[in-house]
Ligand code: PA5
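What follows is one chain in structure tokens, specifically the form predicted on its own.
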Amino acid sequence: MEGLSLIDLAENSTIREQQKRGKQVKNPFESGEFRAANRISMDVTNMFGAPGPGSVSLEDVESLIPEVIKAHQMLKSGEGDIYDHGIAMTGWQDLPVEISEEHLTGIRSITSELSGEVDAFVSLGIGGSYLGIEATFRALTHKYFNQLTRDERGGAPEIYFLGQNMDPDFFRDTLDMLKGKRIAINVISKSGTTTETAIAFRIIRKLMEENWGNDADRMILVTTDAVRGALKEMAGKRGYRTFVIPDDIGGRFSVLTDVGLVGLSVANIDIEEFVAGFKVMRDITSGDDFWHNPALVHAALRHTAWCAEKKIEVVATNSASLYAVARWMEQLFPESEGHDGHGLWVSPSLYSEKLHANGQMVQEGQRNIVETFLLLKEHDNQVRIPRTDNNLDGLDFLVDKGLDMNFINRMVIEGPAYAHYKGGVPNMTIEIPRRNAFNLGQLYYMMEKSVAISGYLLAHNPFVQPGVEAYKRAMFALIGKPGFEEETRNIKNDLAKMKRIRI
């Protein structure tokens, strides 16, 4: 039996886009026509008047507008609780207009040369040093990118991510994918001592040095603090090429810094187009006209829902490629808002898959849920539904109506949006025209500004995460890290007093 032939199916447009990027064919992102066709929009109709407890009203939101405008003005002026160790953590605000063309050209020069010398590239990082890069990569590339030929990848090497967890099976399985290949890595950590990333770096660096000796140094990129830290010191001694994590931009806001740009450039993502998307949304969200500023509206709607006893935000998308973007939001909002018992828990979902899993809970469970849909309006590919001889599944009516998979996948958002609203779940839809770097740049900036405003509304600093340090100290104590002896004793004493209950 011969292998499967994709009869009557068009060429995969995602692969075609990857090949175009590899040949430096750019989208006309500076043109007015392109920007008009790629404008992110929000439909907030279903946020108001949902039946049942915790309903949100238009009056609730409008009464909040003066407070939102005040917060926005304070943010732009650098006022309020925005400091971490004496540094105002708002450098992301003007970053889109501060990045120079020379800087982007320098990144592309290094990554282009490096890409041509290797078969695979590994990005090492966790949290903000990982999620934004992976989200952007997954959103803009083929689902099975690494299984494609190099030509189908547009000349880019295979792309892998490590250092984001401590699962030894995951780590070892990834090493199997790297076996026999020439690899380069980018280790991303401001301090250089982040446990998960540092351990991954130790192991891979040792393998690279054992295989290639001093030649391995050329294959190691380091993205870290500009002047201090373990990685900066090591890079100086070994001559690793370095990129900078700015002092005034926290990890979850860092995808437009070298943290994100280096790895994305290796994958042939157009980083100039990416920056342009950020710039456009910066302009759109710069004014104080509330109903014309999507970031302010988004922040006010979420805050009003939280005040109405909503505790969970389901962020659902109809695009498998955008699911990783929902996961990026899963860090951005909870880590920024989760202070003093505040904030919405973000639950990423891929519809319609999750509609057959926790959809019952969303529809009829406790009414503590608000929902945000990321609707991809135009997918890369069109997939027609064929007619069958017997119509046993009863779906020939779709063919009769000329409907394809794309139309049905849009209803995967529009149907639940209506049903969930009628079931008492307020929801809004963020419409993303198509998969490109420009649209992702817009979305990221809008979300970053929204969560910054949320911090003012919740009266806490959204740019710090003191709670994250608690798990680190406990883990360091339990593994016996020097300097944590007192914590080790305290934790062991606490554990000894607890009666273990095992079933």
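The first residue of the shown sequence is 1; numbering continues from there. Since the model is a prediction, treat every value here as computed from it, not as a measurement.
As for the form predicted together with ligand PA5, it is not shown, yet the points below apply to it.
At least one heavy atom of Gln331 is located within 4.5 Å of ligand PA5 in the predicted complex. For Ser191, a non-hydrogen atom is located within 4.5 Å of ligand PA5 in the predicted complex, even though that partner is not displayed. Interface membership of Pro294, defined by any non-hydrogen atom within 4.5 Å of ligand PA5 in the predicted complex, is ruled out. With a 4.5 Å cutoff on heavy atoms, Ile183 does not count as touching ligand PA5 in the predicted complex; it lies far away. Only one of 122-130, 175-183, 365-373, 154-162 lies within 4.5 Å of ligand PA5 in the predicted complex by heavy atoms, and it is 122-130. Among the residues Lys70, Lys472, His460, Arg35, the one placing a heavy atom within 4.5 Å of ligand PA5 in the predicted complex is Lys472. Checking Asp258, Glu134, Glu335, Asp270 against ligand PA5 in the predicted complex, a heavy atom within 4.5 Å turns up for just one residue: Glu335.
Along 448-467, one residue reaches a heavy atom to within 4.5 Å of ligand PA5 in the predicted complex: Gln465.
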